[in-house]
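Take a look at this single chain, the form predicted alone, given in structure tokens.
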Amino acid sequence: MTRLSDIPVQAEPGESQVVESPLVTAILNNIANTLAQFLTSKVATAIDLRAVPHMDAATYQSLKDALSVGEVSAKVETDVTIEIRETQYSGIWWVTHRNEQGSIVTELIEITDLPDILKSHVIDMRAGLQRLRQALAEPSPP
């Protein structure tokens, strides 16, 4: 009997090759379990990819390929640039923080309905309301 692992597979040019890795499988299982917990508890969780031991470039790329890209992405530009991208699995977000030079400072997998960085904070909303009311009170130019 032929086993699945005995069947040769070759990627076509331009296709990404996913490196089989027990580490990637472990991370994906952790993410799946965390997402299941989030659905019942609504407690968001983040996995710091920089803290994962033995994460080499091939493993990193394999994880990135496995999660792929979803429908939503955003960029927050403050002192640092934060790129938020939904993976192909709703509720699982890839969040990258870059310094002024563009180097990655922090990289997280966030399991949540919406990363906190995208939520409007009450203080900012109050300031926005004040600015809007001031704009409405100012006379319109002729």
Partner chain sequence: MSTDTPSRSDHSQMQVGSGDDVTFDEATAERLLQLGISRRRFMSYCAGLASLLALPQSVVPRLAQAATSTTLPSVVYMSFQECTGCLESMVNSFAFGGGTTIDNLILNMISLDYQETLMAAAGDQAEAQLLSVTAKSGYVLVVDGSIPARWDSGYFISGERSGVARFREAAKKAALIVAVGTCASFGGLPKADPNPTDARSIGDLMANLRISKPLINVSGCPPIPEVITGVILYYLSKGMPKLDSLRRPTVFYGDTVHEDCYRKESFEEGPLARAFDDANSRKGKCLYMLGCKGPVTHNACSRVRWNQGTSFPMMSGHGCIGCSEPDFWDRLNRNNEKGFYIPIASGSGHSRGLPCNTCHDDNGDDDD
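Residue numbers count along the first chain shown, from 1. Remember, predicted model here, so these are calculated numbers, not experimental data.
Below, we refer to the form predicted in complex with its partner chain, which is not included among the displayed structures.
A residue is said to contact a partner when one of its heavy atoms sits within 4.5 Å of a partner heavy atom; residue 40 fails this definition for its partner chain in the predicted bound form, lying far away. Contact annotation: residue 78 falls within 4.5 Å of its partner chain in the predicted bound form, judged by heavy atom distances. Contact check for residue 120: a heavy atom falls within 4.5 Å of its partner chain in the predicted bound form.
Residue contact with its partner chain in the predicted bound form: residue 129 places no heavy atom within 4.5 Å of it. Residues within 4.5 angstroms of its partner chain in the predicted bound form, judged by any non-hydrogen atom, belong to 102-110 and to none of the other stretches in 26-34, 60-68, 86-94, 102-110.
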